[in-house]
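One chain comes next, on its own, written out as structure tokens in the form predicted on its own.
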């Protein structure tokens, strides 16, 4: 802070100079992100309600009701009309909340979380925060968790099993139906991380595409992470944690007495929490409707199909596995993925790098002409 105050024009000019090197989703270089340019309507709704804090629910009772309606809309999409939960900061907070819930249910007596090796880093973070251990299970050659190996790792210390529906690395979907059977049989908490796939997979069957089972229609599923700020096209931050029952949703609630709106119990990690994000989600869900999301997913998947064909035409390049969602993993028969990523990034391309491959995400802001330019850059490499 400076002694002399600045005019709004001068502040904006300084901001412009500092931010001009940021990439923009409206540009043509971000092809590796699982987030996208928020829908303009969601942006307007968010901006109009910035003062709303659902961390003090007694002051904003209407906003709390809207949040729960948004949760139920997502629950309906995930085969459960009466889901409970919250709009949180993102998938990381949602996954941590789910693991905290699982530990509370076990009364702290169980400390092992069984996760696929491709699970999001947030489960390692949750384990460190909760004093637990992650048991990582290898994937099959189809890039999904090996269920036979997972079953062998279940012990009396197993606190939770995690399945992934739309993996960070490749968008693949674990055999959730088999995991549900195991969880149901052994009475173990099963959490599904569908942060990315949650707004893709439910629409695939209506588009005539294979749609793996992953949601509350499976009796063993206790909770699901789903991120509206990914393929839901809502504002950042807007994640979602959904529970099968109200009792599960209240498991980690902490009583707070000093709030202006009165005594309450807060069910999330953060206290002060954006009501604007919940309102933006609710508004966008109603504005787009199921048909609107079907259109968005159809475009993304059609573009993914086209991109897969074009990559396979390039000498030496191929996809590591056929896409399930709008995520593509690219490999070369000779060039290591880090070398390819380094060259692409030197040209301004924002790509995601994994040990074995490059990840390209066909988000709504990615257009065919962007991908044609990217394919040309790839061919030149």
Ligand SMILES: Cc1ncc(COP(=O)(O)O)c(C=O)c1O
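What you are looking at is a predicted structure, and each value in this text was computed from that prediction instead of being measured. Numbering follows the first chain given and starts at 1.
Unshown form predicted in complex with the named molecule; subsequent notes refer to it.
- Annotation: in the predicted complex, residues 103, 222 and 244 none come within 4.5 Å of the named molecule through any heavy atom.
- Though the named molecule is absent from this view, in the predicted complex it lies within 4.5 Å of a heavy atom of just one residue from 114, 83, 281, 195, which is 195.
- Contact annotation: of the candidates 275, 91, 75, 202, the single residue with a non-hydrogen atom within 4.5 angstroms of the named molecule in the predicted complex is 91.
- The named molecule is not drawn, but in the predicted complex it has no heavy atom within 4.5 Å of residue 174.
- Under a 4.5 angstroms non-hydrogen atom cutoff, the named molecule in the predicted complex has residue 34 among its neighbouring residues.
- Looking at residue 168, you'd find a heavy atom of it within 4.5 angstroms of the named molecule in the predicted complex.
- Interface membership of residue 95, defined by any non-hydrogen atom within 4.5 Å of the named molecule in the predicted complex, is confirmed.
- The stretch among 133-141, 209-217, 298-306, 227-235 whose residues place heavy atoms within 4.5 Å of the named molecule in the predicted complex is 227-235.
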